[in-house]
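As structure tokens, one chain now follows by itself in the form predicted on its own.
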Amino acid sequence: MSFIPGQPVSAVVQRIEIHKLWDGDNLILGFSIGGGIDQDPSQNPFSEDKADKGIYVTRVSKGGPAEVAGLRLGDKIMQVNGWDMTMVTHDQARKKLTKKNEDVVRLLVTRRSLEDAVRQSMMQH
């Protein structure tokens, strides 16, 4: 997916619903994120062009809620519960993911394999 600042983003997305687990006061989603508009995009191992300041999944815990829901390492988070995640700081993204009054985190994610599959099917027709 190419990204040009200020231009609309088109992406093939997948919906993922993660049911939050609580261990006392500790929230368990089973994944970590990296990126954000306040971070250095050249340090992001998942962005293709090293200028993308999106939010990416940097770790998925084996057997955790995120893995069970289908989230994968390297997924780019486009939305969290309807909120746009394409131009947020790392902290803003973390806060949207960990809101206490929501039992389910509904994500729209994109991943390279989804885009490759669509591109391939379009070439066959």
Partner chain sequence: RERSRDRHKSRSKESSRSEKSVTINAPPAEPLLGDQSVRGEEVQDDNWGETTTAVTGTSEHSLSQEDIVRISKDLDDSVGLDCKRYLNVALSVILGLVVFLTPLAFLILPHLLWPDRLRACGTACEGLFISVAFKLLILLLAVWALFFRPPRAGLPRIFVFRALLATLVLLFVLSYWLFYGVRILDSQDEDYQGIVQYAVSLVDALLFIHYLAIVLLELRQLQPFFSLCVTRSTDGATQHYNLGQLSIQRAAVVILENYYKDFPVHNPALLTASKSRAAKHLAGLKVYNVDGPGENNAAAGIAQSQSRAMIAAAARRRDSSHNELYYEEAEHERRVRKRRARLVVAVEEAFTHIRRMQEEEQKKAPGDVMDPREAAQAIFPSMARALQKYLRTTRQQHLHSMESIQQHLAFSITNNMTPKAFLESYLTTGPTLQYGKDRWLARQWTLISEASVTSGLKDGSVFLLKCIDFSLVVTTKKIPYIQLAEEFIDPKSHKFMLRLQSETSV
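Since the structure is predicted, the reported quantities are computational estimates derived from the model, not experimental observations. Residue numbers count along the first chain shown, from 1.
Keep in mind that the form predicted in complex with the partner chain is missing from the display, and what follows is about it.
Undergrad: Can any non-hydrogen atom of H90 be found within 4.5 angstroms of the partner chain in the predicted complex?
TA: H90: yes, in contact with the partner chain in the predicted complex.
Undergrad: Do G34 and the partner chain come within 4.5 Å of each other in the predicted complex, heavy atoms counted?
TA: Output for G34 is yes: heavy atoms within 4.5 Å of the partner chain.
Undergrad: Though only this chain appears here, would R94 touch the partner chain in the predicted complex if you measure heavy atom gaps against 4.5 Å?
TA: Taking the distances in the predicted complex, the answer for R94 is yes, it comes within 4.5 Å of the partner chain.
Undergrad: Closest heavy atom of T86 to the partner chain in the predicted complex, within 4.5 Å or not?
TA: No, T86 sits far enough from the partner chain in the predicted complex that none of its heavy atoms falls within 4.5 Å.
Undergrad: Just give me the single entry in G64, P41, G74, G70 that has a non-hydrogen atom within 4.5 angstroms of the partner chain in the predicted complex.
TA: It is P41.
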